[in-house]
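Okay, so here's just one chain, in structure tokens, the form predicted alone.
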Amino acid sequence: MSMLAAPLHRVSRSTLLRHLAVALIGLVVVILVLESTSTFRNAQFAAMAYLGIAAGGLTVLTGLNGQISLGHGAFMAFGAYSTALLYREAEPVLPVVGVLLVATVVALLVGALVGVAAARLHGPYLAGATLALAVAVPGMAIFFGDSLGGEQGLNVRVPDVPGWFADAVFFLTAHDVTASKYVAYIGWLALIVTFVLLANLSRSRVGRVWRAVRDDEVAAELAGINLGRARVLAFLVSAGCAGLAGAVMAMAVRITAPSGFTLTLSLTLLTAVVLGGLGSLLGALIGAALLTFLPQVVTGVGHDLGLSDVQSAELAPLVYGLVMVLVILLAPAGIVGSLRGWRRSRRETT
């Protein structure tokens, strides 16, 4: 017992080791879930992964730094189109990891340009500027139709499953790795790495600076914090996450077209963050899960009630709206934020 107590105590005291331990547990859960579900569910989990990555980046920007962005779908588009351009040939020039990194860097560079320009904007002005970005970027793909495929978009090559990866998964689970399952693994590995980095960043001095700027700009400036630099850095991190999410999305959907990056996608990401709880990576993941699986659940309920396919499909946006209104009324801090508040109040009363 005493042999285990010392390592556990060391893990509990170290932020990095604690986050790595949670990531390891999460990886085990991901393997168990992906290996016990169908190909269709694997595709849904891949969708949840890329929505979770983008929502995690957005919750850093909005929840920790207090900036509102309505244009993160545009950053996902930059990541997705970078992936489509690099990964559509029979012999891609880069491996999957290289493509993901390039897509992230491209979105980072675009985020740097937008972040510097928007560093002096606040609240609705920043929301308006990012809204314009969300509207303009899909149009760029149409304007440069010869290179970006226009309305039809670009097809994305299905990643080949590396032999060592297939062997490793077969050794652990005795199951073969299909293309859909491999993309889901790519998405969840990317999500775990991203969340570990974001969790450590939020606990570091950088995270404390972001929270100080969010809570009181005047006090933060008097304390010597460079407000513009803090805002631009938060925007950079968030845009990079969106670019990575766009790359995973392109591999999962296997096509990159302007219709996939409309304003609806940006609002969907914001909805995930609000539903789960601002400033919480777990909340971002819960929000992504709701947005991924709720439509199918609602459609199934509609079929059970005797509604037609069209009526059942149209039921999902209505339920989205109702869930959003209920969360705002009953749990304004989001699901995770409200649960933490309830636990805190219960601890104080006992």
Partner chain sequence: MQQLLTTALTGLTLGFVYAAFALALVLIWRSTRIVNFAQAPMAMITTYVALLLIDAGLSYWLAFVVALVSGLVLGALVERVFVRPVEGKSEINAVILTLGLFIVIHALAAVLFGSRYRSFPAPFGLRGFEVGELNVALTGFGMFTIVAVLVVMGLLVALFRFTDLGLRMRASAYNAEVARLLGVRVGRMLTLGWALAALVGSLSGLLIAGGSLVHPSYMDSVVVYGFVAAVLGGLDSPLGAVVGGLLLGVSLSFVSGYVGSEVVALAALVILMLVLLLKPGGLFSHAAARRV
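Remember, it's a predicted structure, so these values are computed and weren't measured experimentally. Heads up, when I say rigid core I mean the largest set of C-alphas that superpose within 1.5 Å between the two forms. Residue numbers count along the first chain shown, from 1.
We do not show the form predicted together with its partner chain, though everything after this point is about it.
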Inset, instruction - Could you tell me which of 23-31, 280-288, 313-321, 40-48 sits within 4.5 Å of its partner chain in the predicted bound form, going by non-hydrogen atoms? - result: 313-321
Legend entry - Residue contact check: Leu109 to its partner chain in the predicted bound form, 4.5 Å heavy atom: no
Legend entry - Distance check, Ala257 to its partner chain in the predicted bound form, heavy atom within 4.5 Å: no
Inset, instruction - Answer for Val102 alone: is it within 4.5 Å of its partner chain in the predicted bound form, judged on heavy atom distances? - result: no
Legend entry - Residue contact check: Pro95 to its partner chain in the predicted bound form, 4.5 Å heavy atom: no
Inset, instruction - Have a look at Leu267, Ala220, Ile192, Ala179 for me and say which one sits with a heavy atom within 4.5 Å of its partner chain in the predicted bound form. - result: Leu267
Legend entry - Of Leu233, Ile142, Val161, Val206, the one that lies within 4.5 Å of its partner chain in the predicted bound form (heavy atoms): Ile142
Legend entry - Full three-residue contact with its partner chain in the predicted bound form, heavy atom 4.5 Å, for Leu131, Ala136 and Ile328: yes
Legend entry - Residues within stretch 60-79 having a non-hydrogen atom within 4.5 Å of its partner chain in the predicted bound form: Thr62, Gly66, Gln67, Ile68, Leu70
Legend entry - After fitting the core, Tyr320 CA displacement of 2 Å or more between the shown form and the other one: yes
Inset, instruction - Compare the position of the CA of Gly66 between the shown form and the other one after a rigid core fit and state whether the shift reaches 2 Å. - result: no
Inset, instruction - Align both forms on the core first, then report whether Thr37 has a C-alpha shift of 2 Å or more between the shown form and the other one. - result: no
